[in-house]
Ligand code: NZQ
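For reference, the chain that follows is the form predicted alone, supplied as C-alpha cells.
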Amino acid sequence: MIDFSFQNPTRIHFGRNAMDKLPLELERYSKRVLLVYGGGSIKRNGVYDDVMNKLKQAQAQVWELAGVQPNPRLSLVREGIAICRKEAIGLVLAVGGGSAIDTAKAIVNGACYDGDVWELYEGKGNNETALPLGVVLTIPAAGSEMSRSSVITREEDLCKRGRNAYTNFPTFSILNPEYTFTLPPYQTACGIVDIMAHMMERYFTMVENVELTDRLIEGALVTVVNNAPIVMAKPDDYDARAEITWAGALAHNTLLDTGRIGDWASHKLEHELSALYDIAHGAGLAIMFPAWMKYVLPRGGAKKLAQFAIRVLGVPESLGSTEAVAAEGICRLEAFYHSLGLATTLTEVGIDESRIPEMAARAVGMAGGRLGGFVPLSPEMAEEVYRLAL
C-alpha cells in the first residue's frame, strides 16, 4: 500500500425525504441559484417540480440553464459562466446525471477563473476557488455527485477532456433512489456499467498489499451485479435502486483509490469513442473493458483478472490454470453486459476500424505517451485493444 491523503468534503443527503434538506443548504450558501439540467425528463417525472417547490419555499431567485446533452458541451458551460457573472449567482444546482453535474462543475470553476474555462481542462490554468455546487441526482452512473472529476467535450474538434480538481467536489448532493425509477432500461444499464468501470479501473493495480480496498471494491461490485437484474426487471424496487445509487457515489468518491494506483486506460480509450461517435459512455465501456482485459491477460494481468473472476463473478478456482480462470471471468463479464441489453463489440454498434489509429494516438497522447497504470499502453498497443473490441 502506498502513501495517501484522503478527504471528501461532499455532504450527502440520502433517501426518500432527502429533498427536504435543500432549503437548509440554500440558507447556508445562497438564494441566487443557477439551475442546470438537461432535457424534459425531469419535468415529466416530477423531479423539476419537487426542486422548484423547495426553491420557492426557500424564497430563492432562480435562473435556468437547460439543454445539457450527453457528453456535455463546452458552449453550454460558457453560457452558464456568463450567467453566473452577470447575475452574481451564489449557488449552482445541477439536476440530473453526470452530464448535468459535469457541466455545473465546469461552470462553478470557470466563474472563478480569469481565463477561458477550457484552459482548466487542458491543464494550462488553475483556480483555487469555485462557486458552491449542489446536486440533485437522477441517474446513478458517473459518480460525479461525490467526485472531483469532470469531463467536457469541445464541439469544434470533438475533443473530450477530463479534469480532476479539489474544487470539483460538490458542496452537497441529494440522492433519492425514487428519482431513478423512471430511467429507461438502456440508461439504467449504461449507468450500471459505468459504476462498475469506476471500481474496476481502481481494482486493476500493480500495487501490492491492498487487501482492504480490494475487498471494498469486490463487495461493491458484487452488490451491483446482484441488484442489476432486479432493477432491470422491476424499475421501482426501492431497495435495489438504493443499493445501486449508493454504490455509484462510493465508486468514484476517491475512497477506493486510497493506497493504490489505478489503471484508467479503458476510460480514456472509451472517451475517444464517445467523443467521435457520440456513443453513451457506459455503452462504450461495455465494449472497451472486456477488450482491454483480453489484451492485458497474457501480459502480466492474469493473476489479478483471476482474482476478479473468482471473487466478483463466481468463477470456481478449480476451473483450471490462472489464465483459464481469468478468461472465464472475461466471458462472464461480457455475458453480464449482454444480459443488460448492451453490446460488447464495436461492430455491434456500427463502428468500424477506420478511425482506430486516430483514437489510439489521441488517447495515448493525452496521457503523455503511455496510457494506463496496470499495463501501460503505447499508441500501437492501444490500437491492438481497439481491434480486439471489433
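Because the structure is predicted, anything quoted here is derived from the model rather than measured. The first residue of the sequence shown is number 1, and the count goes up from there.
Keep in mind the form predicted in complex with the named molecule is missing from the figure; the text below concerns it.
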Notebook entry, point to check: Within 4.5 Å of the named molecule in the predicted complex, heavy atoms considered, which of 30, 344, 45, 322?
Noted result: 45
Checklist line | Listed residue (219, 184, 316, 115) with a non-hydrogen atom within 4.5 angstroms of the named molecule in the predicted complex | finding: 184
Notebook entry, point to check: Would the named molecule be touched by all three of 142, 151 and 252 in the predicted complex, meaning a heavy atom each within 4.5 Å?
Noted result: yes
Notebook entry, point to check: With a 4.5 Å heavy atom cut-off, would you call residue 134 a contact of the named molecule in the predicted complex?
Noted result: no
Next item on the list: Mark residue 365 yes when one of its heavy atoms lies within 4.5 Å of a heavy atom of the named molecule in the predicted complex, and no otherwise.
Entry: no
Notebook entry, point to check: Wondering, does residue 357 line up within 4.5 Å of the named molecule in the predicted complex on heavy atoms?
Noted result: no
Next item on the list: Verify the contact flag for residue 205: yes if a non-hydrogen atom of it lies within 4.5 Å of a non-hydrogen atom of the named molecule in the predicted complex, no if not.
Entry: no
Notebook entry, point to check: Counting only heavy atoms and a 4.5 Å cutoff, which of 83-91, 70-78, 222-230, 122-130 contacts the named molecule in the predicted complex?
Noted result: 70-78
Checklist line | Heavy atom within 4.5 Å of the named molecule in the predicted complex - qualifying residues of 26-53 | finding: 38, 39, 40, 41, 44, 45
